[in-house]
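The chain below stands alone and is given as structure tokens, in the form predicted on its own.
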Amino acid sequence: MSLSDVGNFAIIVAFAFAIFSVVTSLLGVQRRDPRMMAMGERGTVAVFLLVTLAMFTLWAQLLADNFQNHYVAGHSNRDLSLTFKIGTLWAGQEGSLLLWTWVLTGFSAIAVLTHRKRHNRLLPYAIGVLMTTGAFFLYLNNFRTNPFEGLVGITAKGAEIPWAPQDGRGLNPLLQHWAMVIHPPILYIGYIGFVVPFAFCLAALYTRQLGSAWVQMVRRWTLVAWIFLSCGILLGGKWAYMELGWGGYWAWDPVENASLLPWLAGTAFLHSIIVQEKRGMLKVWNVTLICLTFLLSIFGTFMTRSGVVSSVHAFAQSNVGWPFGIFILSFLGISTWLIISRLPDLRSESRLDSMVSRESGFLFNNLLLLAATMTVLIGTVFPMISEMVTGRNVSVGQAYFNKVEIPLGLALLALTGIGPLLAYRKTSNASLRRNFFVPVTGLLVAAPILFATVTHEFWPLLSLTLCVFVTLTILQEFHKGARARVHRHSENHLQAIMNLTRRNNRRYGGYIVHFGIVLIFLGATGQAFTREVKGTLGEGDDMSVGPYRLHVDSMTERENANYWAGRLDVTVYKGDRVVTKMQPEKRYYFASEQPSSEVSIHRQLSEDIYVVHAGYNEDQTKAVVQAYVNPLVQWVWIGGVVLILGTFLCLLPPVHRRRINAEVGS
């Protein structure tokens, strides 16, 4: 039996076990039979183990250069490095869907093992949702995009025999980058992680257990998915910036938008559940938002894999489009029916006492995030719908997204600063004056200074001013809490801040996340000041971009088993001072017969110098060079790190809870 036979056997049996788990779990809970429910739980774990076996058989074939396997032959080659051979598993449609299934079944198994002794009434229904989703993806693995199919040759007599080429087609050059080794699995974990909150939400709706218990249970699951999705989006931007050679990291590409949509909806859910936990409000919002988040995750997968959009990130035309459409519409219908039928059970336990309150801040936050989600969705799907209806390909470019999303984004940034200054129920006039004095004063001082020294353009000026406002709000909140601890516990200010953060990590971790968002906005605002130039240069030629002068010292060539490269040795001057030396390359990959540009970037906190070797002139004597000066880009990546650290802090249990658990355990 070959490794492909083992892999095929594993995913076929896993498909059967997934259906078995759905049936036994739902029948068990209806008949109140613990043994059947336990069989459903064990079946869920078995599915994960079988898909794990399939994953490792495909990896083994990639590492062994088994080119008789069509997936290995189509995406790998002998001279590919070990790192990229590992990453090749998710480079194509078949392998990446197998990875998706593995992560999905892994989440399902962890959910079962975590909650089998708690939430017993919800778990069987949640397993039904999880394993229905798993069965759908295993159906795709088995019957639509099987990664274990072999290549065959035809004999002179017309018989089919196993056949393998001498070498494979190789990995797409754009994917031969460190970020693309880790970006897809991290992004998939983010996408797929929302299936667990979604499953328990449907279970809570079906059983009418719609208090705060299910929300508290899924909060950590949602945070885990959200942090991975955030990291995946940032890594995707980093890859695009370093590999695609157009000088930017976000272009409102349809597949980029597909990852942003569940992030926006998931962000709204994470904010909204705070109000349900504290006041028993926004219950309809919460069930709607988590259902929307999961369905948008699946919709993003549909867009990436169906071939309905043209994108550097997307797979080519495939046969998985209509199954995805049926799956999305089915769960959309089930979710809508359950929410509408449970509206009486979703009534709020409290009323909104004042528009000037923390609750109203969360409500406006939901509205803005939902508006951003819907406008991105409309701009993304409109070209598809237009082509289906009229037959014409109508594009929606960056102009639309910038015009719509920049005001919404800045409104959300402003609300990030305003929300923490408001009290629950109602904020008094005295509290408003006291809380807003420092941030508003800072805003009023910063605006004219920025206008005089940085920019006269409205949107960049507003963005930078709001960054100052929100930063002062966050600093004020930390200072207020620390000052109270200093007086109460006689700690120094630094100790007070650390203890404050550890004991109320959800609140202050959230502030750190908000500060990360501020830094990302700061970095993104720098795009308004980008400078670029393009020229054809030979050895000894110069070109200026912004305050810098680029001098081509030499043009050289090099070659290895994987590719040929033409390299430029460029010295960058600012005035008469040498700033750095850069070496952009133009490569040609032998196995895939594809060209690629390797950009050279000189990173600074103030701005990046970005140089691209775009090709050669007609007689191959000079190089086409594109150069950019990108202000503040590094703050996008720094902000991403701060955001991730803040989210990890939110995931930790508070210090007092850990101490209680330790005492109980002892």
Partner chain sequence: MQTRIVLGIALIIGVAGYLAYTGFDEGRAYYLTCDEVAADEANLVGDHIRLAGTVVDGTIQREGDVLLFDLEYEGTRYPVRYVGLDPVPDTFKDGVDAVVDGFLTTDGHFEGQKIQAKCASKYEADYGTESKKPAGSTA
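Positions refer to the first chain, counted from 1. As the structure is a prediction and not an experimental result, all values here were calculated from the model.
Below: the form predicted together with its partner chain, not depicted.
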- Contact test in the model of the complex: V389 vs its partner chain, heavy atoms, 4.5 Å: no
- Query: Is P162 close to its partner chain in the model of the complex, meaning a heavy atom pair under 4.5 Å apart or at it?
  - Reply: no
- Task: Considering only heavy atoms, tell me if N617 and its partner chain come within 4.5 Å of each other in the model of the complex.
- Result: yes
- Message: V624 versus its partner chain, in the model of the complex: is there a non-hydrogen atom within 4.5 Å?
- Response: yes
- Contact assignment for its partner chain in the model of the complex, among T416, S108, S463, Q93, heavy atom within 4.5 Å: Q93
- Answer option from Q68, T52, Q634, S597, heavy atom within 4.5 Å of its partner chain in the model of the complex: S597
- Note on the structure: Within 4.5 Å of its partner chain in the model of the complex by heavy atoms, the stretch out of 466-474, 534-542, 222-230, 189-197 is 534-542
- Note on the structure: Across 144-158, the residues having a non-hydrogen atom within 4.5 Å of its partner chain in the model of the complex turn out to be L151
